[in-house]
Ligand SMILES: Cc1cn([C@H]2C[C@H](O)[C@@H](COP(=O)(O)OP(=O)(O)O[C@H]3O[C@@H](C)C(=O)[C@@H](O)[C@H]3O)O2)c(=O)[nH]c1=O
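The chain below stands alone, shown as structure tokens; this is the form predicted on its own.
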């Protein structure tokens, strides 16, 4: 199966390429051959690859910068996503589109399910929500995967930031009043391969639509940091403490949802996909980063 994935440098794209799954060919595309700010070139570029499925992973992810760069965020996250889905539709193939927990306002007390009302509180969140709508409108064979708190050995993410800061600081201040489900890009990649394999054989309407895909369990940013740093201490003896702070004590340009917990029962029921406990996947990523700190961190 040939899978075309947009976003060459993204965490999920990198994880998909690292999987080396049997009978799966992952073709990563990005600039300069694919520029989401030039949607007219998207269809031709994807058609040349002759994929059997397209994974729409490229996105504008600078959450705070998006507040002052709204046009670019929407051009990539809405218009670019729609162009990718339309290109897949022209080839009569499915598209798997990655979205985010930021489409919710974070006010719900329980985990969010797919049918909950959306209400993004940031430009980034609004642009990703509009991207969901654009994908669904452009290609009926769509699977939209909302995920959250993504980390890996690739790119920039919270795990790598904590390890980097721990090199020179004995105490880190981390927000403790935002809840979520840390999600390994490696686990996302494995889930995508399983979903793609199923979609390539079964295009029934039940398998389309919006799904939540996040690590099992839940935590807050401060506890997530403590777990990361506990592994650091275990492996190296380096001890760094975490001080809990409130969101109000760490002002950012963009507002974050206080609750990003996603219920993934729908994906498990229809695709049989279950994500590992976040601690298990975090340990694997931190351990790998510590084995090759200069290259990875």
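Note that the coordinates shown come from a computational prediction; the quantities given were computed from them, not determined experimentally. Residue numbers count along the first chain shown, from 1.
Another form exists, predicted in complex with this ligand; not displayed. Remarks below refer to it.
- No atom of this ligand, overlaid from where it sits in the predicted bound form, falls within 2.4 angstroms of a backbone or C-beta atom of the displayed form, which makes the pocket open.
- Considering this ligand in the predicted bound form, the lone stretch of 112-120, 87-95, 195-203, 168-176 in range is 168-176 [heavy atom distance within 4.5 Å].
- Contact check for residue 100: a heavy atom falls within 4.5 Å of this ligand in the predicted bound form.
- Among residues of the shown chain, residue 74 is not one whose heavy atoms approach this ligand to within 4.5 Å in the predicted bound form.
- Residue contact with this ligand in the predicted bound form: residue 211 places no heavy atom within 4.5 Å of it.
- Although the partner is absent here, residue 256 is a contact residue: one of its heavy atoms lies within 4.5 angstroms of this ligand in the predicted bound form.
- Screening 163, 150, 135, 189 for any heavy atom within 4.5 Å of this ligand in the predicted bound form leaves a single hit, 150.
- This chain lacks the partner; the member of 63, 270, 232, 27 within 4.5 angstroms of this ligand in the predicted bound form by a non-hydrogen atom is 63.
- Contact annotation for 107-124: a single residue, 124, has a non-hydrogen atom within 4.5 angstroms of this ligand in the predicted bound form.
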